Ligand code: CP
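Presented as structure tokens, the chain that follows is alone, the form predicted alone.
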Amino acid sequence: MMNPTLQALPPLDRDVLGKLFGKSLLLTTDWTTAELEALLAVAARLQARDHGRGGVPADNALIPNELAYAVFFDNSTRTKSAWAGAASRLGMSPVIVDGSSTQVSHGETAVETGAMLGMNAHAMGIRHDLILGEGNAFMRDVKKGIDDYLGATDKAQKVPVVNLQCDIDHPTQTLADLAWLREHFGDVDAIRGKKIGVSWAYSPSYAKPLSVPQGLITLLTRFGADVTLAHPEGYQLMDSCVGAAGKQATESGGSFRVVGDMDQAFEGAAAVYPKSWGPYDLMLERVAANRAADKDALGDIERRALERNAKHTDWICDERRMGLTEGGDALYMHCLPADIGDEVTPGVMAKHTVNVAREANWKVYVIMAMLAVGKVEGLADRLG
């Protein structure tokens, strides 16, 4: 049975939080497990303060009079609004920049972009997720540009960079997923030993990035979960992410396996995360086509990706598969928007509408926590 709140707020580790001041989050694998735990403890505290006594939110304006820039090179609803909401809740002013309006397409380097935006920004978020090998590298170059500018001008301000989804990982999403799993199951150690199925699902809409399933398998395996990844032939994930998931599962006492049958990901699972992503070989083809700015080639790759997807329309989260899960009643999860009728049946989605909304709500608090740990000295004392 679902417990709607954590049994107790996790403690704030002052020593670890002190080390996170000014730190950027570009991949969850860049941070130690203790650092991720400290971040999630802050997110839980911020959520609790927003749900203050009598329903009156506590004062969370910890970073007043500063600018939180975010550059989006891909469409977004939840992450963009979560960034704006999180920054505003902390007292910052969000500034959203459309990536297509930058000079990157005209030859400006990521380092130059970082230096230019670093002149004004007090924090930076970036979404750059569609092209393998480019998004995370771009973020690291932006960070270098910001750091070089600050170093050259002896400015004391800290400008942490937050990955709002790249080609490798989607940290704000997967950390929100983990926070929701903990809330749903009622304990910070809730997923240890629990089976979680991460599965490809059919979508007719577009070749979605690989970053969400990659982020899930590289995060959840660190906390002792038994993770099963399912996908059709040709939809494999990056070797580095699959390898990290296996290594981390061994270290945490969990398990990780890759299967070619969606049913196997659902059998006995406490939670399932069926989501589409693009065929790996065609995602690789995008790299050269994008570099050449060949719109015809990009369009042809997209067409072939959707044709490939259409061979697997039976990969859907439906009532039969949910019946295979633990007690026939697993938690359904999705980063949204889900393709209803293709990735998931209307009936399953209707049953979990509130659940996926609560899952999404955690992203605001994860981003608030990322900004707070990077920007606020003595954060543990400020939060009480």
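Residues carry their position along the shown sequence, with the first being 1. Note that this is a predicted model, so its numbers are computed, not measured.
Omitted here: the form predicted together with the named molecule. The next part is about that form.
Heavy atoms within 4.5 Å of the named molecule in the model of the complex map, among the stretches 249-257, 264-272, 189-197, 169-177, onto 169-177 alone. Within 4.5 Å of some heavy atom of the named molecule in the model of the complex lies at least one heavy atom of R78.
Of the heavy atoms in C335, some are within 4.5 Å of the named molecule in the model of the complex. Contact check for T218: no non-hydrogen atom falls within 4.5 Å of the named molecule in the model of the complex. Taking the partner from the other structure, the named molecule in the model of the complex has no heavy atom within 4.5 Å of any heavy atom of H231. Contacts between 348-384 and the named molecule, taken as any heavy atom within 4.5 Å in the model of the complex, involve only K363.
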